[in-house]
Every structure is written in structure tokens, then in C-alpha cells.
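In the block that follows, a single chain appears as C-alpha cells, in the form predicted alone.
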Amino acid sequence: MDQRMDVVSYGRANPLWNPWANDRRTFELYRRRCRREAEEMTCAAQAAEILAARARSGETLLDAGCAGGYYYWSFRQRHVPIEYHGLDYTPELIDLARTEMCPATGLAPERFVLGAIENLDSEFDNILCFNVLTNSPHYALPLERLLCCARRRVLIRESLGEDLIVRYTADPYLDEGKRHIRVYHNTYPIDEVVSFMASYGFVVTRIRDERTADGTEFVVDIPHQWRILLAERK
């Protein structure tokens, strides 16, 4: 049975400042991923493999910041028996998920909900959040909502290093006329994030990122230190 997220005002991104509504090239890449016309993302494959070893049949999974919902393919390919749900605050991406993923997979359109992580108030067994909090003003509020709404585990992949680095810079790769829009590309202190997750009653395990081998990757010319953390309730 589908689980609906019951929220009065769930929030959406304003296209005046939302980079994902002003980047046709990336949007078309997301469409190709939905159609399985692009190579599977290494991090999507790793997320599915991590949860395949832990999730029980019938458990729910929320993909927080799901974009077009194409991570679902990685779970289905590996026969992970979860009930997949997606959340994103960009209307264009939720529309993409509903028009591309739902007909191709049989998922109900209601599985993809428009809203901000900060407003999340529905529980899920598993919550996945990859490459999202790095682009938020700060990790604490959205991560708190994920932890409070997870019955069993939260799996995140973000730029995590020794110190806090806040970057709020214009993105030169957006559509012409939109390159003044600024985007957060933050790196958070990994020890602080681990302690924050543990304070909500989770045991936190660091997992080596397969794409970067826990190194540094440049995204839109900015260094990111991708690290994976698995938080499981005690």
C-alpha cells in the first residue's frame, strides 16, 4: 500500500533562485537517467548495495532530494525489496519523475511528493539522502528531520571534511541569463555530523565512497569531499 506524506504546506523551490529549474543541460541528463539512456551513477549503485544487505522485504524507503527518481532503477536492478518514495522541492523534477518514471516502472504518481526536507513529518523505515545537504544553507535542520522520521536507518552522502567550509557562489553552468543564481556548495565537519546523528539515537558507520575512494571530486569547478555515513537506530 502506498504511503502518503500528510503535510498541510510542504514547500517548493522558487524558480527565481532555484538552480535546478534553470539548468536545461542537467535536466536533460536527469531525463536520460529516468529512461535508462545514461550510465548508472556509481553512488546510486552503492546506495542500493548498502541497503540491499540491510533492508527487509516490504520496508519503505524515502529518497530525499530524489530529482527524477532514477535511483529507483538501481534498487530494482538489485532486487532490493523496498517500497520506494521520492521527495524533491523542485516542481519540474517531480513532474519529470511522474511523467518518466511512473509509466516506465508502474509506480503511482503519489509516490513522488513535492516538498522541502525541512518540512518532512512522515515516517519511513529507510531514508536515503545523497548529494543534497551539501547544497543546503546548512545540514542541521534537514538532517534532523531525516533522523526524526527514520524508523530504522538513514544513509547520506555529502561533502564532509575536517572543517566547515561554506561556499555560496554563482553557477557558470546554468542556462544563459541565469548564471547569476548562487548555489551552496558546503563542506561540513564529518566528526560534528557523526556526533549530531548519534545524538538522535543512531549508531553511525563510515563507508568508503566508491566513486571517489574518499578523495576529492570537482563539481562545477568546486572541490567536494564525498563521504558516506550510515546511521542505524540502536
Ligand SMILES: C[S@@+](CC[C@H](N)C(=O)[O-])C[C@H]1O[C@@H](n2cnc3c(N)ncnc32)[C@H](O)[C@@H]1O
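Don't overthink the numbering: it's just position in the shown sequence, from 1. These figures come from a predicted structure and were not determined experimentally.
Form predicted together with this ligand: not shown, discussed below.
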query: One residue of T105, N131, S122, S74 in contact with this ligand, assessed in the predicted bound form (non-hydrogen atom, 4.5 angstroms); finding: N131
query: Residue (of I156, V80, I117, A97) lying close to this ligand in the predicted bound form, criterion heavy atoms within 4.5 Å; finding: I117
query: Interface membership of Y188, this ligand in the predicted bound form, 4.5 Å heavy atom rule; finding: no
query: Contact flag, L51 vs this ligand in the predicted bound form, heavy atom cut 4.5 Å; finding: no
query: Partner contact for Y30 in the predicted bound form: this ligand, 4.5 angstroms, heavy atom; finding: yes
query: Close approach of L143 to this ligand in the predicted bound form, 4.5 Å, heavy atom; finding: no
query: Answer range among 84 to 92, 147 to 155, 160 to 168, 97 to 105 for contact with this ligand, defined in the predicted bound form as heavy atoms within 4.5 Å; finding: 84 to 92
